[in-house]
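Heads up, the chain below is alone and in the form predicted alone; it's given as structure tokens.
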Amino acid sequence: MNQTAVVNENPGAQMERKSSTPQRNGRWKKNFWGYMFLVPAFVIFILFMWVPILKGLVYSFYHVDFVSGNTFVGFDNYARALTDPDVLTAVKNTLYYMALCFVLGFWVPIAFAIAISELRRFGGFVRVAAYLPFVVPGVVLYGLWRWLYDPVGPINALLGTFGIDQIAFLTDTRWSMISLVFMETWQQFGSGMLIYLAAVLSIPRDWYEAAEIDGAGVWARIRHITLPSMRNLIILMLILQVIGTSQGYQSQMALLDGGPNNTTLTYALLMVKYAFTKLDYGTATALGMLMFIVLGGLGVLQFKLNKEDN
């Protein structure tokens, strides 16, 4: 039966299959050097992304000792990570940090992008001025804001002119995380603003002109044209911010080292402390794999949302 089916196969299909092979070979030869230019990026991606991930997966089941050798401990590292009270504190702090970044910082670049798109003059100057904080080096940034947040610094001096008592921004447990979020929002919103601004400027101007003819004001145009047109980008940026803030540790470590009273001890900072303070690389990689699973789930969610929209 199979031989008969092969013999009786449509001749046109056979000719199409034979002709497609030279086409694929010709396409491969035509694009050969293009593929070769992709090889270094692909190799770097494998070496510096997936190899560390796979090594982290392996190390999470070992007690890592670079002198005496590694010892297999099974799920002991995961058990230690899940029973450490500092892990629960770090998760709560991270969720609080993510919520603050959303409430205080996520809408700032959107608002600035829309406002700048409405400017008729000095638009270029405002874009540059808004982006400049993003290029400030970290060392300068933390030194600057430590001075601004000082009890006798400019911010408290300004508050004093209004009769407001001094605020211990970095040592008061109620203000420490909020202060870090304000600092990071000031530095980071410029890059996001440029992305949103590009999206706003790509919206056809005819839509706005038609809305103006119909009597729509600024707020109506923003609500019914600008924001709906940016919906997919806003969702994507939100998911990227959730992923980015879940890994936040740099400012918490540089300014406060997780203090005061562990109020700025984030999950990623706890991993760093396990690895480089306690030298417990096994538990640190176990914590990293748990985060990888959660963030991988968010990535799948973002992919499905984009697929449904398309």
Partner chain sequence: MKSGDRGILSEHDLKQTSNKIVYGIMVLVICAMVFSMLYPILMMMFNGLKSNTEVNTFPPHFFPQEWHFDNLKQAMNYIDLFSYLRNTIYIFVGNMLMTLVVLGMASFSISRMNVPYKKAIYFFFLMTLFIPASSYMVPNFVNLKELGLLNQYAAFWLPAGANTFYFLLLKNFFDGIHPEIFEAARIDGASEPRSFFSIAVPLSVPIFATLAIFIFSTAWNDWFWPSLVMHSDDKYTLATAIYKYVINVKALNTNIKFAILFLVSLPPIVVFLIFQKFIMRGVALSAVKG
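Remember, it's a predicted structure, so these values are computed and weren't measured experimentally. Positions refer to the first chain, counted from 1. Heads up, when I say rigid core I mean the largest set of C-alphas that superpose within 1.5 Å between the two forms.
One more form of this protein, predicted together with its partner chain, exists but is not displayed; see below.
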I'd like to know if K55 sits close to its partner chain in the predicted complex, meaning any non-hydrogen atom pair within 4.5 angstroms. yes
Partner contact for T285 in the predicted complex: its partner chain, 4.5 angstroms, heavy atom: yes
Distance check, F125 to its partner chain in the predicted complex, heavy atom within 4.5 Å: yes
Look up in the predicted complex whether F106 has a non-hydrogen atom within 4.5 angstroms of its partner chain, and give yes or no. no
Given a 4.5 Å cut-off on heavy atoms, tell me which of 75-83, 187-195, 92-100, 168-176 is the interface stretch with its partner chain in the predicted complex. 187-195
What residues of 121-135, in sequence order, lie within 4.5 Å of its partner chain in the predicted complex by heavy atom? F125, V126, R127, V128, A129, A130, Y131, L132, P133, V135
Verify the C-alpha shift of F276 between the shown form and the other one: is it 2 Å or more after superposing the core? no
Relative to the superposed rigid core, does F66 relocate between the shown form and the other one - that is, does its Cα move 2 Å or more? no
